[in-house]
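Presented below, as structure tokens, is a lone chain in the form predicted alone.
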Amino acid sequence: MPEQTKYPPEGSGSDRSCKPGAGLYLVATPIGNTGDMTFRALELLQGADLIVCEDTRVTGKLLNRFNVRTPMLPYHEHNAAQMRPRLLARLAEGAVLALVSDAGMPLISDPGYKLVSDVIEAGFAVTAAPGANAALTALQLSGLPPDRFLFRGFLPTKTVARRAAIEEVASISATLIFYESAQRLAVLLEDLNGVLGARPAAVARELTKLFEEVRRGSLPDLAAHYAAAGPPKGEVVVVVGPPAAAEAALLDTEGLEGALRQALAGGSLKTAVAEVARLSGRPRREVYARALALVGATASGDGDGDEVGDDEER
């Protein structure tokens, strides 16, 4: 049985005797509850020559909590290009660098990817000390299928680009995970509902903190709730269930056209496209084009048929 690490780990505080080997270490930090800091992460942060972080103020508070005195260097999207050569030079000298994000695993919605890519290309050692992650924690708590999932992160802030990004993943048979700011949550849910339809979903916020909350329901219900309630407090993760297995039959061309004919017989072009896109999980633009082909060129003059084009003007 391996020997257990003692807490506080050797090398904590002013004792820096526990020195890791040279290289770049990707060190996870808590996403809220500082009790989720791992023993290994503390050892690496204490033993490193330099801690590379997004914001020294955020990381500084965490280091003070655990009495870690290792120097910090800010590395973010605004200075990354200038800092990478400097960090590679330190590695060439045999330094131990610890890369952290403001919270959670480095490289997940932070600017560390290019640094890791350059370090690998230069032939230096890279390893990870895994830990807390908001996306996986939200997936666990969502009650949605965890066996296949796609982490999409933050979507574009502009309406047209955001909807296009949602359409790109609409037909994927997997649970979808998004990050979003509290201020834009209601708009994101509205667009998810508009493109994906009434799929089951969950909104998780303040994960691992005192006021942790997971609200579960259909996309239209969640969209209506947050439109009325206003922006919640804290960091937000949105998890959306995959297209239902019963709806997968519409993914083939013949099934799609059959569903469109039936929907067009009972309603407008706009309504038919929205319903079949929701059921099939296919991008709305694809369904719209197929519907136009079915009803003929005259449908393009129908006021309902201008929906896709109107979005482009926004």
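Remember, predicted model here, so these are calculated numbers, not experimental data. When you see a residue number, it is the position in the sequence shown, counting from 1.
Although not depicted, the form predicted in complex with a small molecule is the subject of the following passage.
Looking at Glu206, you'd find a heavy atom of it within 4.5 angstroms of the small molecule in the model of the complex. Although the partner is absent here, Ala277 sits far enough away that none of its heavy atoms falls within 4.5 Å of the small molecule in the model of the complex. Remark: Tyr113 does not count among the residues lining the small molecule in the model of the complex, judged by a heavy atom distance of 4.5 Å or less. In the model of the complex, no heavy atom of Ser142 sits within 4.5 Å of the small molecule.
The chain is drawn here without the small molecule; in the model of the complex, the stretch among 84-92, 156-164, 207-215, 70-78 whose residues come within 4.5 Å of it by any heavy atom is 207-215. Of the listed positions (Phe149, Tyr226, Phe124, Tyr179), a single one reaches within 4.5 angstroms of the small molecule by any non-hydrogen atom in the model of the complex, namely Tyr179.
Checked against the small molecule in the model of the complex, the candidates Val119, Leu185, Ile108, Val169 yield a single residue with a heavy atom inside 4.5 Å, and that residue is Ile108.
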